[in-house]
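The data below hold one chain only, encoded as C-alpha cells and taken in the form predicted alone.
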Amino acid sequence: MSKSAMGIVFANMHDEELPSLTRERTMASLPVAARYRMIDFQLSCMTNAKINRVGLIVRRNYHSLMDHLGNGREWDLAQKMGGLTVFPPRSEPMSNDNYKGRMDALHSILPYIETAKAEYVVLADCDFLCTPDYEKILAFHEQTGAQVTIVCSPYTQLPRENVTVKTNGQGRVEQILLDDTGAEGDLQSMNIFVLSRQLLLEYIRTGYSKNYRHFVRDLLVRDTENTGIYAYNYQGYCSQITDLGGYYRTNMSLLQPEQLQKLFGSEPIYTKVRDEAPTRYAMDAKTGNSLIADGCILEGTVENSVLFRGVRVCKGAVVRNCILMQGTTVEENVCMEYAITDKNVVITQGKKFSGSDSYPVYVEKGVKV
C-alpha cells in the first residue's frame, strides 16, 4: 500500500434485521465461529493491512461491544497516534436525536475525518463475515484510478434487498441497482467502500446541505456517470447475515474444513483473550464435526455444533446441529437439535426440542427453560 488509509466501521447499521440477537448487542458484537465477534474480522483485516487509525460509530446497545474491545490492544490499536476511537451516539452538539443513515452518522464525526492525515478511507459495515485483503483492495483502487471502489462478491439472491452492480467487464461500474434485481454475472455490494478522504469530505458536506442520509442511494447512484466507480471482485469466504436462519447457516458452514480454511487461512484474526482452561472431555463424552471453544465441560454427546466458551453439556444430553453461546448449560438427558441458545441459558433436565435449518429454535439470553 503506497499511501496511508484510515477505517470507519459502522457497528449498528443492520441491527433491525436480526432483532432477536441484537436486542442487547450490536451486529458488530454478534458472536460467531465459537470464539469470535463480527467486529474481530474487520478490525483484524484493517490492522493486517497497516490501517492503524479506525473510527467505530455506535448507535445503541454497545456495552458488550465496549467490553469486548477494551482499548483495542488485541488488534494493536492501543496507540497514542491513531488507534481505535469509539464514537458514542450523536457526538454533534445541540442534537437530541440519533443518526438516521450512513451520511448522518459520518457528519456526526466530521472533525475526526477532517483532522486525519490519511489519504484514503475504508468504510465498512459488520453484516458480512469475510476477510478482505485491504492492501490488495487499496492497490486496486490506485491502479484503476477509481474515485470510489465498492468491494463486491459474486451475485446471489438473498432474503432482503441488496445493492447490486453491473460492470463493463473491466471493473468499471455502469449501473447500481438498489432492489436486488441483479442476475448471474453481476456483483453484490458487501457494504465496504474505499475512497479518498477529500472526496468523502465533499460527499459529507454535500449530503448535509441537501439532507441526504444514504451513501449509495443518495450519492453514488446519482453520481455513477460522473464518478469513476469501480467494483473489486472479492473471491474469499463471504457470508451475509440477514436473519436468524442466515446466522445459523453462517456458523454451520464453518463446520466444513474447506470453508473454515477459506475464512481463516490467509492472515491472523485477533479477538479478546480470555484466560480459560482447556475444554474438559469426560470419559463418556462423544463429539464429532464441531467447533468447540475453550472452557467447556463436555459429558454428553455433541455433533455438528458450534459451542462458545464455558458451555457445559451434562451426562446423557445430546446436542446436534446447534449453536450454544457462552455460558450455556445443558442438563442431563436433554435432547436438542437445530437450536440457538444465547448467553447464560440453562436447558433443564429431560427437555426435548428441535427446530430446522431454516427455522432454528432460539432461546433468549439468561433464560432457564
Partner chain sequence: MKECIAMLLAGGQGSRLYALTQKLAKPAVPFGGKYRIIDFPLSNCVNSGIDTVGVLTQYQPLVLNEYIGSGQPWGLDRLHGGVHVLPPYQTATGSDWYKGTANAIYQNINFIDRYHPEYVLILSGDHIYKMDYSLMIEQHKKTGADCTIAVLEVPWEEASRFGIMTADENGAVVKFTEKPKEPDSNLASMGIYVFSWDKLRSYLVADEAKTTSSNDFGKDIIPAMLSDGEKLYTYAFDGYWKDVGTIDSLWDANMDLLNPGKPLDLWSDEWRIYSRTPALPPHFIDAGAKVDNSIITEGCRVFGTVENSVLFAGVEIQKGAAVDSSILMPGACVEPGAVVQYSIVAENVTVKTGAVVGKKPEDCADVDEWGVAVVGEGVTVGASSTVGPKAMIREDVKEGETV
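Numbering follows the first chain given and starts at 1. Note that the structure is a prediction, hence the values are computed from the model and not measured.
Absent from the display: the form predicted in complex with its partner chain. The rest refers to it.
Although the partner is absent here, Tyr36 lies within 4.5 Å of its partner chain in the predicted bound form, judged by heavy atoms. Among residues of the shown chain, Val163 is not one whose heavy atoms approach its partner chain to within 4.5 Å in the predicted bound form. Looking at Tyr281, you'd find a heavy atom of it within 4.5 angstroms of its partner chain in the predicted bound form. Although the partner is absent from this view, Pro257 contacts its partner chain in the predicted bound form, with a non-hydrogen atom inside 4.5 angstroms. Heavy atoms within 4.5 Å of its partner chain in the predicted bound form are found in exactly one of 198 to 206, 270 to 278, 214 to 222, 123 to 131, that being 270 to 278.
Only one of the listed residues (Pro88, Gly83, Gly101, Gly288) places a non-hydrogen atom within 4.5 angstroms of its partner chain in the predicted bound form, and that residue is Gly288.
Of the listed positions (Glu119, Glu174, Asp294, Asp76), a single one reaches within 4.5 angstroms of its partner chain by any non-hydrogen atom in the predicted bound form, namely Asp294.
Although its partner chain is not shown here, in the predicted bound form the stretch 191 to 211 places no heavy atom of any residue within 4.5 Å of it.
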